Ligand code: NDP
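Taking the form predicted alone, here's one chain by itself in structure tokens.
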Amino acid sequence: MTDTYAVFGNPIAHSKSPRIHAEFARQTGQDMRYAALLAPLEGFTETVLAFRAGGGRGANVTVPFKEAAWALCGRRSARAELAGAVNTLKFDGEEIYGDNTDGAGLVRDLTANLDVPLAGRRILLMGAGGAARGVVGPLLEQGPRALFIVNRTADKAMTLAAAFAGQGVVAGGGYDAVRGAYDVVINATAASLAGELPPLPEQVFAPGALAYDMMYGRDTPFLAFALAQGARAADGLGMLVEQAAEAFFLWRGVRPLTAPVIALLRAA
């Protein structure tokens, strides 16, 4: 019997996840179907539970439901507990298990696909919402020299940094507190969706720095700014595929190859 999975979000029609998981299933010989399902803004829990009752084996969760997914879980991975957000659900009988694969996906894209080591580097992370929460822990596990979280609302950045204070050298604040040059600058804000550039100083990029935007499939003001300052630039397509591979492994116990899928999506 074919196993069924889905991604829940609002909006969701743009999602590349069905194609990604179809490629993973074809590559690994797994008998499964994967759909993109729109969840009502006020009906996420009911929609997921109905999917599970209909035989669903697991699901991905995207904006704006990652915090609601966290609350839905009876058991969570350590990284999901730290993040306070869940993007992957696994249904095992009556239990709903939650994981957060975003940070692992980002780290693998940076270190394996883009060949950017993070140990000993200075990292600037823009944003303090769900997207940022999911990656702070995995970034700190890489042993950076320092991680600074910056947000327009400084208190949110400082609160997020404080939650991970025991994990490594991490601090937070507003854009006026950004000092010095960074080796890796990551945009986890919604600014690119609105076509806006966060208020970064021009001297924020160290020589050879990488600018990374979690947004994918468009030329963003942040990446254009970075290129004008002489930095390397990368979008979040690799992260999307890598976090999907982590979820696929959790569900199926098989780790797919990601490079061919990234290349396929780039070509499209």
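Numbers for residues come from their place in the sequence shown, where the first is 1. Please read these numbers as outputs of a predicted model, since none were measured by experiment.
The form predicted in complex with this ligand exists for this protein as well; it is not shown, and the discussion that follows is about that form.
- Residue heavy atoms within 4.5 Å of this ligand in the predicted complex occur in exactly one stretch of 112 to 120, 184 to 192, 76 to 84, 89 to 97, and that stretch is 184 to 192.
- Put simply, residue 240 is close to this ligand in the predicted complex: some heavy atom of it is within 4.5 Å.
- Contact annotation for residue 58: none of its heavy atoms lies within 4.5 Å of this ligand in the predicted complex.
- Contact annotation for residue 156: at least one heavy atom lies within 4.5 Å of this ligand in the predicted complex.
- Of the heavy atoms in residue 131, some are within 4.5 Å of this ligand in the predicted complex.
- Looking at this ligand in the predicted complex, residues 144, 179 and 201 place no heavy atom within 4.5 Å of it.
- Think of it this way: in the predicted complex, this ligand has a heavy atom of just one of 234, 48, 209, 215 within 4.5 Å, and the residue is 215.
- Scanning 88 to 105 for heavy atoms within 4.5 Å of this ligand in the predicted complex gives just one residue, 102.
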